[in-house]
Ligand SMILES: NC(=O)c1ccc[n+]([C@@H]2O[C@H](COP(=O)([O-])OP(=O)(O)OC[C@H]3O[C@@H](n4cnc5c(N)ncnc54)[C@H](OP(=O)(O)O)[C@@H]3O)[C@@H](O)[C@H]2O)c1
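Listed next as structure tokens is one chain, alone, in the form predicted alone.
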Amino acid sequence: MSTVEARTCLVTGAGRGIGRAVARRLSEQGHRVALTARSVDQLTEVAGELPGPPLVVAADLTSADGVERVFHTVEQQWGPVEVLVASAGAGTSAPLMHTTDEEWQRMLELNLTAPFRCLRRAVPGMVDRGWGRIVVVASVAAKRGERYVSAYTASKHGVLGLVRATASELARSGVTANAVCPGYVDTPMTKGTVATISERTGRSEEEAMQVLQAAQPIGRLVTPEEVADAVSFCLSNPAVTGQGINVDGGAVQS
């Protein structure tokens, strides 16, 4: 995409899975891509895959200081963040009555509070420049209730609400905010889900994987690259804002 203006991008959760695929896509499109996650080793590996300039900033985004340090580092090296893709997230599974306060709080901190802090930090510079793109990787669990993942589902409903409120507030500023809502994606997180299902049900991991694949009408897992396609669309179309774009093989039609 040589005709596209190079932008300064920040991708959270960039060490693996969806974040990794998004970072590659943005770099291939000619953008500068700052990578953040907890693991320096994973980020360094991803940085080595990028065709364009990377910037590695390892941090724990559940810490307000960590968020500030990431943005400050990017600004010192490259200037204000113009594209924020908040991909960091995690899941936990337990029946509601067995969900502990600690599990509940962990889901909210990582899946909702950390994106909120990133958006709050990124928005002033974007508004000042009259241009910005925010994409949060949510989940189809932001659109419907799911059994045994009450804390995860609540956090993802919350982050979709955050995106919609942000989009409404910034609609005339030149800044867009959208969420991408994947179903089951071929990522380490899904492999963890498969292992949990196998452990709790006695099914083999192959059988557990087939259950997840069958939950999507296309009969397979979504690829990280397909999610990256949706993120890229959100960046290119200024009329698309406040949306939760499903990338789930037709499981949730909305």
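In this text, residue numbers run from 1 along the sequence as written. Computed from a predicted structure; not experimentally measured.
This next part talks about the form predicted in complex with the named molecule, which is not shown.
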| query | finding |
| --- | --- |
| In the model of the complex, the residue from A208, A59, L55, L50 that sits within 4.5 Å of the named molecule by heavy atoms | A59 |
| The named molecule in the model of the complex reached by all of G17, S139 and T190, non-hydrogen atom within 4.5 Å | yes |
| Non-hydrogen atom contact Y152 with the named molecule in the model of the complex at 4.5 angstroms | yes |
| Contact flag, Y184 vs the named molecule in the model of the complex, heavy atom cut 4.5 Å | yes |
| R200, heavy atom within 4.5 angstroms of the named molecule in the model of the complex | no |
| K156 within 4.5 Å of the named molecule in the model of the complex, heavy atoms | yes |
| Segment assignment from 131-139, 76-84, 116-124, 97-105: heavy atom within 4.5 Å of the named molecule in the model of the complex | 131-139 |
| Within 85-110, the residues that have a heavy atom no more than 4.5 Å from the named molecule in the model of the complex | S87, A88, G89, A90, L110 |
